[in-house]
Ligand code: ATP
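To begin, one chain is listed below as structure tokens, in the form predicted on its own.
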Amino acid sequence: MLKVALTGGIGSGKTAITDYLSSLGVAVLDSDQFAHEVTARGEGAVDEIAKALGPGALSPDGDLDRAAVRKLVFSDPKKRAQLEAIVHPRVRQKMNEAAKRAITPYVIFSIPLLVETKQAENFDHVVVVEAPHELRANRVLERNSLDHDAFSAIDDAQASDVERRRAANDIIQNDGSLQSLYGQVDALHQRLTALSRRKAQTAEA
């Protein structure tokens, strides 16, 4: 099985790509979804986060207050590092366990902070999706409850396009229509399927 990482800045279009790949039958593992799972009420990570960030990280009913946590960590690099040290290892473990159960030729690991957490070398192939800054900002402001300051705080904490390109085996430009994006993803799907086939043949040799 080929392990493929997909990454890109906030608002670059990772979800549009993974949704389309899912429709093609590709197994997709989204780190954001797994992060929500490991920080759900009752999970051990929630208590650890509250200890590291303080009681303000929790809502009155004991759930993780995600908006409050976001404000805390993006204004304090030390607190962000503490949060990542708690959440990321749990997410990686769950994603790898899920990948072992996949039966598709390749598996997509959608990881926004792939470069920042130095995980690129753990994958057979890295795909980076890019889009201009203003276009990404407009997408996020239209679809999310984030304001421009929140977008900027998240974007500033992420790797630059240059840093992501250094880790990339493939780059998708998402600055046009969905049709254009899907055409690029179709071509990518063919390449990854072929790469997976070659990897399997090498393993059998």
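Numbering starts at 1 and follows the sequence shown. None of these values were measured; they are calculated from a predicted model.
The same protein also exists as the form predicted in complex with adenosine-5'-triphosphate; that form is not shown, yet it is the one meant from here on.
The closest non-hydrogen atom of Arg139 lies within 4.5 Å of adenosine-5'-triphosphate in the model of the complex. Though the partner is left out of this view, Ala16 does reach within 4.5 Å of adenosine-5'-triphosphate in the model of the complex, counting heavy atoms only.
Interface membership of Ala67, defined by any non-hydrogen atom within 4.5 Å of adenosine-5'-triphosphate in the model of the complex, is ruled out.
Proximity of Leu195 to adenosine-5'-triphosphate in the model of the complex falls outside the 4.5 Å heavy atom cutoff. Among Gln33, Ser177, Ser59, Ser160, the residue placing a heavy atom within 4.5 Å of adenosine-5'-triphosphate in the model of the complex is Ser177. Checking Lys51, Arg165, His148, Arg143 against adenosine-5'-triphosphate in the model of the complex, a heavy atom within 4.5 Å turns up for just one residue: Arg143.
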